[in-house]
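One chain follows as structure tokens, the form predicted on its own.
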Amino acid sequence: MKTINQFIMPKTAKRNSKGNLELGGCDCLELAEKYGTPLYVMCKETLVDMAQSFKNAFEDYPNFQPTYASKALMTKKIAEILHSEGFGFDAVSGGEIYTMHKAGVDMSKVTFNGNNKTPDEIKFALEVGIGHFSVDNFSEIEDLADALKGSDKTQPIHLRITPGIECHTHEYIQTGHLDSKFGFDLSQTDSAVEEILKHKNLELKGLHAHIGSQIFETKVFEDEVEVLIKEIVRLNKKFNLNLNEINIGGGLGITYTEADTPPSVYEIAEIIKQAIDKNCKKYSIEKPKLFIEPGRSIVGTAGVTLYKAGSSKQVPNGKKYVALDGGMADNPRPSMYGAEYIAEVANNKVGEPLETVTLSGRYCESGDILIKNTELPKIQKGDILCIYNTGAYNYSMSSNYNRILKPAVVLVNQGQPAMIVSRQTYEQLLENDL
């Protein structure tokens, strides 16, 4: 069964009676006219469908907690929607925790991750009743213990380990291999547990690992489960513990272009469940509580970005460039990772002859290119272009480079658009200047 992560377009994408691109029952040209461009558009139906696919794929697992990796996209409305679907949250900053808290999220279902949590962030996370800390290093053990001094609170924690598994993704988004800034090497776990056991306010519940992002391989998840369960069994025996939780992180890839072939959620779920069954039988233990942290695969395909075409330039004996009114500040992934996307002209040009163009951004950088050498109908100034699969890591990584304003985010559902993040204004751009 195919799931949303295996499609390029949101499930509601179609051409309407005018020949214009429509998402969530909303005409993209009308959205661009009403809210301006660049514009992030999120399809609620696609978002919810993917969230439900994760729940359905693991519904026969006895103790499962889906946990959204909020760094992919975090706004109050996104938090509300996923909270209503029964998701917990993986947070990596005080700002993400604050957003979830203000959105009414059950904070006991939140895990605080990250390799350098500040004292203020730790204090705030404890105040709002965070569910788990994923402890990343020796320094954090001391910082967390210090923050709990004099308190009768016992804080559940997971120990984050690097399982020594490399997946074939960009080197910047590999996190499970041995030479990583994240987590404890397996040779350090005994020392980490010994340190944790010195502090009565820290309750070690299990282990956490994350092997990377945009993963298409399947065996890496099987290997990760084996490493985690084997290590839990060893630690339980050596330290007389009762660790019974594993967090395997996220990382499931999505289809940005036709060349991408990620597995479905159901395929990954079966591999994970079978690996747990196999290893639990091998070591004669009960199945642990399972946390999984999808991020990109939840929101990526649900989101698109609408741009307006501006100037164009034909290089003699070279490329034709079409400049859009956004670029690397609202989507830094092509510049950072060499990421590839698919674009479509949103207004009616169906059946018109194609030409090869390079879609460039408006920022003062030669590397500000969104898509190289793509075939599109001849683009005129003012045309609206849609770039697919921008729901993850676009708004969340956006910046004010060149002092250009950040776009708005609009949620579309059954013909009803709703702005969930307003477009930044010049006044807001200056509000922190002194």
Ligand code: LLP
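Note that residue numbering begins at 1 and tracks the sequence as displayed. Quick caveat, the model's predicted, so the values are computed rather than measured.
The same protein has a further form, the form predicted together with this ligand, not shown here; the description that follows concerns it.
Of the candidate stretches 80-88, 313-321, 251-259, 278-286, only 251-259 has residues with heavy atoms within 4.5 Å of this ligand in the predicted complex.
This ligand is not drawn, but in the predicted complex it has a heavy atom within 4.5 Å of Tyr337. At a distance threshold of 4.5 angstroms between non-hydrogen atoms, Met397 is in contact with this ligand in the predicted complex. Heavy atoms of Tyr393 reach within 4.5 Å of this ligand in the predicted complex, making it an interface residue. Although the partner is absent here, Glu293 sits close enough that one of its heavy atoms falls within 4.5 Å of this ligand in the predicted complex. Though this ligand is absent from this view, in the predicted complex it lies within 4.5 Å of a heavy atom of just one residue from Ser360, Ser213, Gln155, Thr305, which is Ser213. Of the residues given (Leu370, Ala69, Leu385, Val409), Ala69 alone sits with a heavy atom within 4.5 Å of this ligand in the predicted complex.
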